[in-house]
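Next up: just one chain, as structure tokens, the form predicted on its own.
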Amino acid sequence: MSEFIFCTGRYESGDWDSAPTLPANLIDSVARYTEIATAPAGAIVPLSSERILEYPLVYLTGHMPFRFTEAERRNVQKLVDRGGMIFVDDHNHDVDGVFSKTALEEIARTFGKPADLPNTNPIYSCFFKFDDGPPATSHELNGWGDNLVHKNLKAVMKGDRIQVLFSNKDYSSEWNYHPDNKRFSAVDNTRFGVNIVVYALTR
């Protein structure tokens, strides 16, 4: 591909499309802040289709129980084996929620058990600098969900590279708004999303 296309993965279980405006918002941020050639619209691609292998970064989210079919599992394994990256964000922001529990089980079954990602990982400095690791979300700070501010994201690594990044922070709610509304914010809360894209494309 000559330009970056933000890819949302469609899976058969659960509600894969629970954050419909997030892709447009992150596409706007990548185009706004970086020199990465970025397609103006994202793609929605079934994990069961081998077309998913064309994308360097695949975003997954939802609220409901999450299970890979066997075809989905084979393709996401191929994706990361070829150097792709998967970003999974819990739209429930709750470690006891069904999405978090089932997604972590599926990640462990498919890729290996995820571990806490050190807050010194290059993903926090590859474009914008986040000295304290993953930025908190308003949902955590307002005490919604599990009433925890999650200090770390989780990751499955291959060597020093992230293959699968997992978040309980609910960036899916935090970034699920029309990009024009950024003008109302003193600090753009999508900046960490830019880091995720830059990391996936450059590591």
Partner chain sequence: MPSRAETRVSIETALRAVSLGILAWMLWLSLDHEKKQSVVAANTAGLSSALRNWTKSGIAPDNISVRLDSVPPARQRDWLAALRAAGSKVEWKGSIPALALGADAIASPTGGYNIRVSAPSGTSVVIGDDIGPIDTVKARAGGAHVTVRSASGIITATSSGTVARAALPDTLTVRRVLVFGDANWESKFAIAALEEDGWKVDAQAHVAPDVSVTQGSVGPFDTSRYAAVIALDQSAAPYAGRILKYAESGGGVVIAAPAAAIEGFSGLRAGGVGKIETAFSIETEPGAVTLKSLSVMPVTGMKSDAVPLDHRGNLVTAAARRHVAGRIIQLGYLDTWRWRMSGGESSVADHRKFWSSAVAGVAYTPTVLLEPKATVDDAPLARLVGTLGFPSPATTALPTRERGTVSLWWLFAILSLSLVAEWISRRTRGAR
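Positions refer to the first chain, counted from 1. It should be emphasised that the depicted structure is a prediction, and the values quoted were computed from it without experimental measurement.
The protein also exists as the form predicted together with the partner chain; that form is not presented, and the subsequent description refers to it.
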| Contact stretch among 51-59, 164-172, 134-142, 149-157 - heavy atom within 4.5 Å of the partner chain in the predicted complex | 51-59
| task | Indicate whether G84 is a 4.5 Å heavy atom neighbour of the partner chain in the predicted complex. | result | yes
| message | When the contact criterion is heavy atoms within 4.5 Å, does T34 count as touching the partner chain in the predicted complex? | response | yes
| query | Looking at the partner-bound form in the predicted complex, is F127 within 4.5 Å of the partner chain by any heavy atom? | reply | yes
| said: Given that the partner chain is not shown alongside this chain, does K101 nevertheless sit within 4.5 Å of it in the predicted complex, heavy atom to heavy atom? | reply: no
| message | Could you pull out the residues of 186-203 that have any heavy atom within 4.5 Å of the partner chain in the predicted complex? | response | V198, A200, L201, T202, R203
